[in-house]
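Consider the single chain below, provided in structure tokens and representing the form predicted alone.
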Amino acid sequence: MESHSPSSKSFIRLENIFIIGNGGRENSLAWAIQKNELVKKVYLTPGNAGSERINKCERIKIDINNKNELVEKLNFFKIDLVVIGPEIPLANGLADFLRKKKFKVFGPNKDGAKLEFSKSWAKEFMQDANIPTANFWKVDSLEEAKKIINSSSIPMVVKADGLASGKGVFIPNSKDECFEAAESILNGRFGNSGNIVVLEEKIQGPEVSVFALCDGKRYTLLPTAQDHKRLKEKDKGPNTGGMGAYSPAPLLTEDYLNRIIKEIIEPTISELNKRNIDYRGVIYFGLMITESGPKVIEYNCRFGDPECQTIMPLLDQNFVFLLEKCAMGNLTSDEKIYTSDKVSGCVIATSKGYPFEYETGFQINIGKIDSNDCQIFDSGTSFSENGELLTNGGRVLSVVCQDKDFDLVFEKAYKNLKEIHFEGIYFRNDIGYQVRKNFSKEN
């Protein structure tokens, strides 16, 4: 992408950016945005203990549900662009409200966010647009679920229809486990998000993540990524919100990515347009590469976490211009995203017990960190009254590194992890095993 000066007509003003969210994703977005010389200040609400360690960043306390206070503060801080990180405010229509108040917003309206907050709606959307995905059944009673599960020759994937913080997907190994998963969802494990259950045929293959920045009509792609959703090594254990990631995904050759564009990305945007959905934000395509081709497992209406932390260090300072262009509906389709010639990897350090019950409030001690092409993005942290850094979430820290190959990337990441200590710290040692040449020799 060509460089832009402050006098460029398309970018009237990009001095003050406002980011909503409190995780590693939002901190990495802030870190990437502040690199631009036009940006003077990045405000995060609520942010976390790591937010203010980022250059030009400040945390501010605002109840985003108090719409009058929010508008008042955005005007007071002369906000030029609002970036909505998490899915819940998007599902609740915050982007719609702010656009009506004439703010530039990166993040889809409620109708576009339905791609994520209703799995059954998204599956029907794909069906209508002839987008490849697994066969599915939508049920609202255990009796109906049992009937479909019994009719299948193999166990099915069981999903809560609504938002469940990345924990509403079950991949059972037996029909009994399918019944148990469906029963727990329908019995209120995820509240109203589980009023409907989506049953899917189980498809096989590696998973990849593709991100399209969309302005309502046009799009541009970010570097691809692969994440690790399972808690334990060798991809065992329960699904989590993500234990680590790497970017770009070597699995996706240019030819294969072109196939994904033709079969999935462009039909998705066409179907949104057909439904008069003006989607201005990022569309996350969670894909499975099956023997018969790419298939959509899920859409998200926000940047993936931890993929976002992994990708952001690869982008140059023009990234914020792309967000602004999407918010304005001004992409030209010939933007080029300048990315580093390096590769990037992220390992998540979690609290003991995550993704189930876990305790927080443990002091975090960080020793001597290699900061050369390495970042630590706080995901779930807070400060004690004395200013000590404490754990405050299931996923605590995102340890990210870049280098010329994945072996060097993960060597640095794991070296840094040895310098991080808190009670119950847990992380997978095999993140990126698919792309680490030395990993197979060591294991």
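Take the two forms, find the largest set of C-alpha atoms that superpose within 1.5 Å, and that set is the rigid core. The first residue of the sequence shown is number 1, and the count goes up from there. Every value quoted in this text rests on a predicted model; they were computed, and no experiment measured them.
Note that the form predicted together with a small molecule isn't included here; everything after this is about it.
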At 4.5 Å between heavy atoms, only one of the stretches 326-334, 180-188, 100-108, 200-208 reaches the small molecule in the predicted complex; which one is it? 200-208
Taking any heavy atom pair closer than or equal to 4.5 Å as contact, tell me whether Lys229 reaches the small molecule in the predicted complex. yes
Asn239: heavy atom within 4.5 Å of the small molecule in the predicted complex? yes
Does at least one non-hydrogen atom of Ala164 fall within 4.5 angstroms of the small molecule in the predicted complex? no
May I ask you to state whether Ile297 is within 4.5 Å of the small molecule in the predicted complex, using heavy atom distances? yes
Out of Ala91, Ile277, Val157, Leu74, which one falls within 4.5 Å of the small molecule in the predicted complex, going by heavy atoms? Val157
Heavy atom within 4.5 Å of the small molecule in the predicted complex - residue from Ile171, Ile148, Ile265, Leu142: Ile171
Could you check, with the core superposed, whether the Cα atom of Gly205 shifts 2 Å or more between the shown form and the other one? no
Once the two forms are fit on the core, has Pro132 moved its CA by at least 2 Å between the shown form and the other one? no
Ile154: after superposing the rigid core, is there a C-alpha shift of 2 Å or more between the shown form and the other one? yes
